[in-house]
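As a starting point, one isolated chain is supplied in structure tokens, in the form predicted alone.
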């Protein structure tokens, strides 16, 4: 239902999004049947396609040409998809969006090579763009995403991390790619530097809000809504904002220790969820997300008058208020 509501917000872009979907299928075609199957398994799981949508909307502020814009929208979605495949290996996740992950359907080795293949396809796809600035932004983004994946491994179950560590991690995990989607959409459409900066900043702030909401929903949504067990982040050792705000709680600190040893029972998981849901940590986390959301909306206000301003605002508000 939530995904349907989001798609309604950009329904007027459907024709161009359909072009991108078809291009994604073409890009994931491989001479290896195994990689083909694994890549398409991920693609068919769906997704909100937030990054391509932000590329399209940002490009609308300049000289819009779907034949050019798709050549950056597709690789950005491919990079996102590749990072998900690798994340599921790192987190030992069996489910994503209610479907088996690539590593669960096949194995870790297939998942890692599938992720690498998708990354490589992204690089191959973007070679059709001659603007060196595009390649510089994309290369820097990919380097930082890879750094973020390593940091995520290093931070697993690390109870002495602080909120600054968390912000640095989610910037690389989520915000950076959304920031780059907005920036590159603006760059390929020839927008001036001032408005490229506004869109880039908008993407960063929205991305931070988006990930914080994701981390809240991991505790507040149901298993069915999430398509995986609620509290999976913590079970996998990812210490997110609600837990950082509660890490001195004796039951939560004990839970982190049990999770690190793989000793959590179903009853303990439900007890942990109850504590988090009843705590002030959820409200405090929502306030932090809203702080980033307000900053994103200020960047929208600074953009020139354009029909896409309302769309940016509506999508940002949806992202910040979604229920799952």
Partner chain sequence: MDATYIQESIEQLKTNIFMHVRHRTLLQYTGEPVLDENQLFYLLMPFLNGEKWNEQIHKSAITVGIVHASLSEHDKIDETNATSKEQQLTVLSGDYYSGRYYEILAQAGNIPLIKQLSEGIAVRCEHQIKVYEVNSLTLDNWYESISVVKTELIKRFYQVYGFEQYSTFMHTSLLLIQLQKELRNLQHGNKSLILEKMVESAAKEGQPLELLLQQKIDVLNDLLHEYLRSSTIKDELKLYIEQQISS
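Worth saying up front: this structure is predicted, and the values here are computed from it rather than measured. Residue numbers count along the first chain shown, from 1.
Form predicted in complex with the partner chain: not shown, discussed below.
Engineer: Applying a 4.5 Å heavy atom distance criterion, does residue 284 contact the partner chain in the predicted complex?
Structural biologist: The answer is no: residue 284 has no heavy atom within 4.5 Å of the partner chain.
Engineer: Residue 214 versus the partner chain, in the predicted complex: is there a non-hydrogen atom within 4.5 Å?
Structural biologist: No, residue 214 sits far enough from the partner chain in the predicted complex that none of its heavy atoms falls within 4.5 Å.
Engineer: Taking heavy atoms only, is residue 248 within 4.5 angstroms of the partner chain in the predicted complex?
Structural biologist: So residue 248 does not count as contacting the partner chain.
Engineer: Would residue 127 count as touching the partner chain in the predicted complex under a 4.5 Å heavy atom rule?
Structural biologist: Yes.
Engineer: At 4.5 Å by heavy atoms, is each residue in 179, 194 and 301 next to the partner chain in the predicted complex?
Structural biologist: No: no residue has a heavy atom within 4.5 Å of the partner.
Engineer: Could you tell me which of 32-40, 61-69, 289-297, 254-262 sits within 4.5 Å of the partner chain in the predicted complex, going by non-hydrogen atoms?
Structural biologist: In short, 32-40.
Engineer: Counting non-hydrogen atoms within 4.5 angstroms of the partner chain in the predicted complex, say which of 226, 95, 90, 235 makes the cut.
Structural biologist: The option sitting close enough to the partner is 90.
Engineer: So which bits of 111-138 sit within 4.5 Å of the partner chain in the predicted complex, heavy atoms only?
Structural biologist: Result: 112, 113, 114, 116, 117, 119, 120, 121, 123, 124, 126, 127, 129, 130, 132, 135, 136, 138.
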